[in-house]
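Have a look below at one chain only, the form predicted alone, in structure tokens format.
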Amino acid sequence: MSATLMHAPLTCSLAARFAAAEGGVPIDIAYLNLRTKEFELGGSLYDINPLGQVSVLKLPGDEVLTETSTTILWLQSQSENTEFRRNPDDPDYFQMVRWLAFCATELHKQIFRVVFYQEATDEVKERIRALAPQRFELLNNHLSDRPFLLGDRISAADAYLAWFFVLSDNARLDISEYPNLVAYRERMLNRPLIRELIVSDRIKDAEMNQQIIPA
């Protein structure tokens, strides 16, 4: 029996899909429109997560996990791909947790949460965008001598960072001055499994008329 991901196309739950795909972890998908909070097959996200947010993962025993970083951690722990999975006794494990937390706090909630918030003024959004260069510089330096966040092998943390770059253009965040980040983005978004999920999500987003990501 597989876990079920409550998934709104192109939102942060796509990062969990990236992790599942790269780790070879089978999951079921329950599509929902995050704008309306309604599932494609009926019911409300509020019935599962009172905050009305994704990512939400229902485990085989009906236990529910929320928060994208947590769902990604669980998914990678289920992977049988030893090239992808990091166990808690692996020296890289807490580095993976570090970068998951960085993506969650410094990029996702710090920047995207405000820039994509319709009620935020243009002035506020520009002030938040001004925080990005410092974070991009940190990432650019870190990736100067490695293809992925943890070195030579892709990890669950890369799944979260890859999702950020799916929407960075929509958020009007320019990374052109950071060559290592540009190369990383191209490398990650052109991985076959990730590219396929991005394409299918864009199609599904249009089909559902979700309308939460600015063009």
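These numbers come from a predicted model, not from an experiment. From 1 onward, residues are counted along the sequence shown.
Missing here is the form predicted in complex with a small molecule; even so, the following discussion is about that form.
P147 falls outside the set of residues with a heavy atom inside 4.5 Å of the small molecule in the predicted complex. Contact check for F94: every heavy atom lies farther than 4.5 Å from the small molecule in the predicted complex. The small molecule is not drawn, but in the predicted complex it has no heavy atom within 4.5 Å of S168. Residue contact check for K58: none of its heavy atoms lie within 4.5 Å of the small molecule in the predicted complex. Taken together, R129, A132 and R185 are entirely out of contact with the small molecule in the predicted complex: none brings a heavy atom within 4.5 Å.
Comment: the small molecule is not present in this chain, but in the predicted complex one of L173, L34, I27, I154 has a heavy atom within 4.5 Å of it, namely L34. Contact with the small molecule, judged by heavy atoms within 4.5 Å in the predicted complex, is confined among 76 to 84, 106 to 114, 134 to 142, 120 to 128 to 106 to 114.
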